[in-house]
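Shown next as structure tokens: one chain only, the form predicted on its own.
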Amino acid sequence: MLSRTANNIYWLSRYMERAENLARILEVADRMSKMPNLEGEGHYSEWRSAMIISGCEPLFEESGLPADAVAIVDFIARSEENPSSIYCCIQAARENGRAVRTKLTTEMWETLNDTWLGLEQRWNDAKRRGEIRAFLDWVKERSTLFRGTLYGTMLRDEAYYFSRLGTFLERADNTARILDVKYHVLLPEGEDVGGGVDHYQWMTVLRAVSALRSYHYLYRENPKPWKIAELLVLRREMPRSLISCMGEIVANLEGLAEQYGGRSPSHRLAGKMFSELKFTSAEEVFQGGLHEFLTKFISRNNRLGEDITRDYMFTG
């Protein structure tokens, strides 16, 4: 496969996953904004947390827009000035898909194209009715539908492996960011760890990664921060956990190794990261500091993405 084609397929899936993750982040902020006595927390508000998680804060500050809910939602969801907005992610996904149209199945292309064509109308309807959550749900549904068509119709060849790599690299980054920002930013000053606000926020984090019911099924007790961290970092049963994402990355890199008849530096780094998660306990994570652990993971995940690009998709 041409490196340019591999790059298009890889980023197509990354952008679709990123659009869904941004919708999840905005849903978290919206749910938390409904909590009494949280409005006006200023520098550490739930809306600032959404900007931090999405990585849009520096660009948003440069824009000079007011740091309120309406401006932040517009910036993350629809702004064409924000290359990481939901709108720009779906647009970029569609452009990458169009460039490799012959590598996609009919179902994949139709899902992707219909998502782009319906995006503007869905956004305008949601704004007019004041139902932003409906728009966010639609984005999540379209991303899920795209993954379903990919998984259900695509040949298990190199195109499939590159697509899955993009999905799980993006997902791992998002899970780590959501967990890290909650741990250090969201709880307002004067609120106790373990108090009502803290409990509600942790519940919202679980909802953000579709893990609330999974948590109750596995632990059968009210959410506790250290067990939530364990679930989202070290439990392979949880499809959005760091270890689950790394397991998928290793498996798809192995698929590429079989296709190309050899391994590369990205295989070694992915295998090392997966092994470290596999043989790490929650106690060890917290002893070394959860923030430090997640910061290191995000950095290494970014490096892994760079290694994969260099090994397979470098176009000069």
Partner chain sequence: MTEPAFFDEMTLADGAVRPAYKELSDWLTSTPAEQFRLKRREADILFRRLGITFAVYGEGGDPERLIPFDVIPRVLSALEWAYMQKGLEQRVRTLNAFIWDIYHDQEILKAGVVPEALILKNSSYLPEMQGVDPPGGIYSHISGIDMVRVGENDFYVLEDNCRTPSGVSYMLENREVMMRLFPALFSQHRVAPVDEYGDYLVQTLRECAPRHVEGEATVAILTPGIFNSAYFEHSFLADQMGVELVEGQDLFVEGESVFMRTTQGPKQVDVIYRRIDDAFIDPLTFNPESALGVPGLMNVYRAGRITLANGVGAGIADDKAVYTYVPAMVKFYLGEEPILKNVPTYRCADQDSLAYVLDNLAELVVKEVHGSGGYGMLVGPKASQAEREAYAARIKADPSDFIAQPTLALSTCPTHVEEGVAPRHVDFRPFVLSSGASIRMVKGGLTRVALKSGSLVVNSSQGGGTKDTWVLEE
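Positions refer to the first chain, counted from 1. This one's a predicted model, so the numbers in the text were calculated from it and none came from an experiment.
From this point on, the text means the form predicted together with the partner chain, which you will not see here.
Highlighted residues M1, T106 and L117: every one comes within 4.5 Å of the partner chain in the predicted complex, counting any heavy atom. The stretch among 163-171, 93-101, 79-87, 218-226 whose residues place heavy atoms within 4.5 Å of the partner chain in the predicted complex is 93-101. Taking N124, T153, T144, N113 one by one, only a single residue has any non-hydrogen atom within 4.5 Å of the partner chain in the predicted complex, and it is N113.
Of the residues E158, D74, E230, D180, just one reaches the partner chain in the predicted complex with a heavy atom at 4.5 Å or closer; this is E158.
Although the partner is absent here, Y260 sits close enough that one of its heavy atoms falls within 4.5 Å of the partner chain in the predicted complex.
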